[in-house]
Ligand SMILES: NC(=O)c1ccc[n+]([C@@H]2O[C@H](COP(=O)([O-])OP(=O)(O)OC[C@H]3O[C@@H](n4cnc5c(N)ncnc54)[C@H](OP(=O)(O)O)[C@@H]3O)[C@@H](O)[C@H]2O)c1
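First comes one chain, alone, set out as structure tokens in the form predicted on its own.
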């Protein structure tokens, strides 16, 4: 016998909101309530999310505390800086899941530096696989009624490197991460650099030189995993694909550590994880293998000549990077089996 979980979704006309609707629709207990947005309020959902055929006739309503109240779960898929005000008006017994950045950071100073404005506060962090001082973050989610979903780039880098940080086989003071990102990570906003004529056939960097907003969140996570004085050079690039992230992360090999110890650290960390998979030696992650799935594929090796550990991780930025993490965290918060509704395999080719 299934219980019914009523779910309202704000920002339903955007990429994240649409993916939340698609992923959550696979959950046997979820029943959608209000679907809300701002500029598209009054439209039917099918005008903005034509692939969601079972919801195409639903009318989008205005985002407000009144329209979102009365549900078991509210998922906020709003621009950064917009979630705090709405969330503060929702009842404490409602499970509110924020897919934006408003409640991810523990440091108000880091929020002010990278986002600007007043910090809305820190919520329990929705990355169940995150290594913590006393276990995994999933242990902190049951019973939570406020959850902050991680950033997509953050997820790729954290899940890629954290086993080495936790096991002490890499030096966390000289991390270099270069990411290839699909365009959906930028949302649906109109901008010249996001036009097809600019992006097709081109790879372009952005957020270069330590200014990307996901940097403090990555440092926060790798510190949680046991890193001391975490320092990272982080460079994302846009590549001509709709979705997906391929992260290449390197860090110095710790003194006295060999390649066998390195691989053992990743094998141990992910042996029992349902969604994070260390590939067999010699097989490398691709974004195509994760499309549509709540999967993170990882490979690790040692560049002996450079004295560095090299990790490659691949995720779908809209699933494991956002909507899948939200559903996984919802399950844990409500006492539902963690993998419920997340059985979709990658779609390839």
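What you are looking at is a predicted structure, and each value in this text was computed from that prediction instead of being measured. Numbering follows the first chain given and starts at 1.
Omitted here: the form predicted together with the named molecule. The next part is about that form.
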item	value
Contact of residue 318 with the named molecule in the model of the complex (heavy atom, 4.5 Å)	yes
Proximity of residue 121 to the named molecule in the model of the complex, heavy atoms at 4.5 Å	no
Residue 14 within 4.5 Å of the named molecule in the model of the complex, heavy atoms	yes
Residue contact check: residue 301 to the named molecule in the model of the complex, 4.5 Å heavy atom	no
In the model of the complex, the residue from 127, 161, 179, 99 that sits within 4.5 Å of the named molecule by heavy atoms	99
Contact residue in the model of the complex, chosen from 184, 224, 250, 144 - any heavy atom within 4.5 Å of the named molecule	184
Check all three, 7, 67 and 331, heavy atom within 4.5 Å of the named molecule in the model of the complex	no
Partner-facing stretch of 283 to 291, 306 to 314, 37 to 45, 23 to 31, counted where any non-hydrogen atom is within 4.5 angstroms of the named molecule in the model of the complex	37 to 45
